[in-house]
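Given as structure tokens, the chain that follows is alone and in the form predicted alone.
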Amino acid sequence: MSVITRILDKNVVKQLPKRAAAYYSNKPNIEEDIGEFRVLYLKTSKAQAFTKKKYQKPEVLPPRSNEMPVDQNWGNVWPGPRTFHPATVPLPLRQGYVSKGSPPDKYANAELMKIPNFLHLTPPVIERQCAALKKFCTPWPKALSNDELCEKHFPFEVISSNYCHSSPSIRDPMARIVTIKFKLNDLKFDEKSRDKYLRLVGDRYNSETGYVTIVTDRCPTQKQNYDYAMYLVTALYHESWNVEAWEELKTEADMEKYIWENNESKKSVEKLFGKNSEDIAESKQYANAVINFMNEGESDYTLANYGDSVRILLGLPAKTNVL
């Protein structure tokens, strides 16, 4: 009965069954049984007062950036990485492109919202974070006070990159690439093994800097590529010291470059002067001129250098320019 009394109206009592109509006809006021519940009128009448709900416009607060003091602590306003919010950033930023006019401002700008920002990494915040991490750091070793000492104790330089993604997969194909650099002079060679090593590495050696660079990216993970790169370094070094049986059969015509000590030119100089080439002061310059001429090829520089060294070796007067 309590449910029925909430929705009844005096005008609809007559429509109820006789037993229910007799019950409610004795009630002088139906609203007395209702109590705190409001009456739901199923049938409107002119007697009912109709009040129109007054629309109240919500109060819009001014942007937070207009009330920010100039000396505020920005680290408290923007403590970490987050999506760009125009009302919080007190900067007149613009992003996007329109055919006419200036780029759109920061309000309702989807271009500013979809790109990552580093507004939380301001210099004061970085300095404060470094100061907090400083107590967990150890002092730099005194034995590594400069770059020369670092290269002496740690000759191998390993270069790799790590990436972070906000995507279903955290793996990046570029993260598997590993680069190892080291100076060729840090390895122990003789003349023959050094020449063989340079031919094995090919263009991975830079003659201007003296560095050998090995890049590996064939394995799926960074750790696997690092192990493979170290294997290549070890295998190339030991292979350069190996001497195959066919290498012992090489003659002077099979050599990849001209070697002064193994050629007839040295013997001719020693026969001409009647003593060893090491005892002839002018023979060193002549030997270098012959080596450059044979290895680098014929050019104006090598020809001129060779001619000058021959005159010095034989004691002839220097060449004079004839106008």
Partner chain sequence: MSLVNLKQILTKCSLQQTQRSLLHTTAICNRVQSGRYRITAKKDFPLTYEMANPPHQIAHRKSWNSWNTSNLQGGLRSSETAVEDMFIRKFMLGTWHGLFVSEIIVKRQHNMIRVAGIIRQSISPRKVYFLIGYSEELLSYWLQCPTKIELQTVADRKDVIFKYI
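Owing to the predicted nature of the structure, the values given are computational and were not obtained by experimental measurement. Numbering follows the first chain given and starts at 1.
Omitted here: the form predicted in complex with its partner chain. The next part is about that form.
- For the marked spot (183, 231 and 262), a heavy atom within 4.5 Å of its partner chain in the predicted complex is absent from each of the three residues.
- Figure note: of the listed segments 191-199, 152-160, 212-220, 96-104, the one touching its partner chain in the predicted complex, with heavy atoms no more than 4.5 Å away, is 96-104.
- Distance criterion of 4.5 Å from any heavy atom to its partner chain in the predicted complex singles out 171 from the list 171, 134, 250, 238.
- Its partner chain in the predicted complex comes within 4.5 Å of a heavy atom belonging to residue 58.
- Although the partner is absent here, residue 113 sits close enough that one of its heavy atoms falls within 4.5 Å of its partner chain in the predicted complex.
- In the predicted complex, its partner chain sits within 4.5 Å of a heavy atom belonging to residue 85.
- Its partner chain is not shown here, but in the predicted complex it comes within 4.5 Å of a heavy atom of residue 81.
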